[in-house]
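For reference, the chain that follows is the form predicted on its own, supplied as C-alpha cells.
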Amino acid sequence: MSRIAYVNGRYVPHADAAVHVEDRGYQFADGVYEVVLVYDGAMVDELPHLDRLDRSLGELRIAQPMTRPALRSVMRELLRRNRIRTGLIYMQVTRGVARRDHPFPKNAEPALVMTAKRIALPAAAAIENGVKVISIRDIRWERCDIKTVALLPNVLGKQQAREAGAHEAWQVDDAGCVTEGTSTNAWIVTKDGELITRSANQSILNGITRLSLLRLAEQEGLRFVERSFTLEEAKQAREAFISSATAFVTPVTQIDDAVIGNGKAGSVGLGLRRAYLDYAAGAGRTA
C-alpha cells in the first residue's frame, strides 16, 4: 500500500505531496511542527502535543490552520488510510504562500502538511547496550522552546554525531552545561541516585515525553530535580539517557570517550522506559 499524505485540505499519495515554491516554510523556515507517537493503534500524549503546537503558533504569530476538532479528525483519518499501528504522525504548519519578503504577508493562509509512517521498536539487546553521544557547542538561537522547523544547527550536530559513530550529540552552552540533544532531551542519574534534567526555559524544547517522564518519576518515587548539569558532571554520572517521542527512554552508555557507569543500561533508565511503555499502552493513549 502506498503512503498517503495530507496537504492543505487534500489526501494525496506521499510521492505526489508538494507545497508551493514560495511557501514561507521553504523560503524562511517560517513554521512549526509536532511529532506524535502512535503506539499499538492509538496516539500517545495527543492533547499535550496539540497544546504545544498552539503555543508554538502563538509565539510566531501564525494563525491556526483549522479548529482543533478538525485537526484531530484529519490525524485519525491519516492514520486510518496509512494503517498505522506503531509509528509517528508528523504535522507542520507554516505561515503560508506569499511573495518572498521578510515581513509577515497580509493575506497568506497558513499551510498544513501531515504525514504518517511506521516505525520499528529497537531490540532489547540494543537498549541494554545503550548508545553513544558526543558533545558539541550549542550554536542555536535563543528561542529553543519554540518547536520551529528552523533546524539547521540540529541537522549539523546530528550529522557530526553520525560521522563520529554516535547516536546523538549533546549540545553544550557557554557555561559548560548540557542543554539537550539535537532531537532529544538529556538526563543523568548522579552517583547519589538523583535524577537530573535541565529545567524547561528558552534554552530547551520542553519535550512532551520529558513531561510524562517527570510525572512517572514522581509516581515511581524517584528523587529528581530540574537543573543545569555540566558536561563533566554527566561524564561522571551513574547513568544517562535521552528521551523523545521517538526515543522513548534510550540509555546512554558513552559520552565522548567517557564510559557511563559499567557501560550498560542502568536500572533507573530501564525502569523509566518500562514505565513509559506501560503509560503509552494505557493512560497516555487517546482513541
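Note that residue numbering follows the sequence shown and begins at 1. Note that the structure is a prediction, hence the values are computed from the model and not measured.
Unshown form predicted in complex with a small molecule; subsequent notes refer to it.
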item: Close approach of Thr115 to the small molecule in the predicted bound form, 4.5 Å, heavy atom; value: no
item: Touches the small molecule in the predicted bound form: Ala245 (any heavy atom, 4.5 Å); value: yes
item: Lys147 within 4.5 Å of the small molecule in the predicted bound form, heavy atoms; value: yes
item: 4.5 Å heavy atom contact, His167 and the small molecule in the predicted bound form; value: no
item: 4.5 Å heavy atom contact with the small molecule in the predicted bound form for all of Arg140, Asn154 and Glu180; value: yes
item: Residue stretch of 22-30, 251-259, 237-245, 57-65 approaching the small molecule in the predicted bound form, non-hydrogen atom distance within 4.5 Å; value: 237-245
item: Residue among Leu231, Val35, Ala42, Leu47 with a heavy atom within 4.5 Å of the small molecule in the predicted bound form; value: Val35
item: Among the candidates Leu205, Ile136, Met91, Ala108, the residue which, in the predicted bound form, approaches the small molecule to within 4.5 Å (heavy atoms); value: Leu205
